[in-house]
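Next up is one chain by itself, shown in structure tokens, the form predicted alone.
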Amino acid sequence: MEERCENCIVRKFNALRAMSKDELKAVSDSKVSRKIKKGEVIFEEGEKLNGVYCVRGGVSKLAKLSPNGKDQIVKLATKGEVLGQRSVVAEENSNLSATAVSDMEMCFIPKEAIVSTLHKNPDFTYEVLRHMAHDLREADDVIVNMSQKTVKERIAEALLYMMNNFGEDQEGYLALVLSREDIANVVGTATESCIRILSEFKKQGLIKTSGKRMAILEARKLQDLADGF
């Protein structure tokens, strides 16, 4: 039996925590739970979204297609995040695509349940605004990083971000396994440059690899590198 929104711990991470019991019940009655396989597209850029996706487990990449045909990964979204919120609130087609980078569990919440609560519950509206403001701040940081940091600094930062936000497995490898192309798309560089810099990090003993998996051996040195020292 699928979990009710009222009892779901995940909502504590997002704007749903500001909903009343009755509002949560309405959401729970209308939501659809889905399991999504790694590599599956959740929604496409430019798609009209009829609701939002609440992530219960797993990781997805939010990306924008650049004019040269490459994906720029804007964000990695994980447990507790709500995807498609901005498009639904602004009544615009999605500005980004979302693709699962690991197996995922998520709940699709129809637009009506979100919009009607926005009109009635100022606490919920405030929480949605707060989360959007946080996303904007993150986007500002990405822009500054892109323009002021070298590719090497950005890759060091990306690896530390993966370690700090997604953790390590029992063997000490990064729990989130991204392809070299995805790492390149996170930092906004060519895949070849990313492969070259990772191999440099490996030679310097900063990381070790096993197939696609990577482990950070010298977090302090990587941090110094990311900070431009």
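Just so we're clear, the structure is a prediction, and the values are computed from it rather than from any experiment. Residues carry their position along the shown sequence, with the first being 1.
The same protein also exists as the form predicted together with the DNA; that form is not shown, yet it is the one meant from here on.
The DNA is not shown here, but in the predicted complex it comes within 4.5 Å of a heavy atom of Lys212. In the predicted complex, the DNA lies within 4.5 Å of some heavy atom of Thr189.
Though the partner is left out of this view, Glu181 does reach within 4.5 Å of the DNA in the predicted complex, counting heavy atoms only. The closest heavy atom approach of Lys152 to the DNA in the predicted complex falls within 4.5 Å. The partner is absent here; in the predicted complex, the one residue of Asn165, Ser193, Ser66, Ser33 having a heavy atom within 4.5 Å of the DNA is Ser193. The stretch from 46 to 54, 22 to 30, 167 to 175, 196 to 204 that comes within 4.5 Å of the DNA in the predicted complex, counting heavy atoms only, is 196 to 204. The partner is not shown here, and in the predicted complex the stretch 24 to 41 never reaches within 4.5 angstroms of the DNA through any heavy atom.
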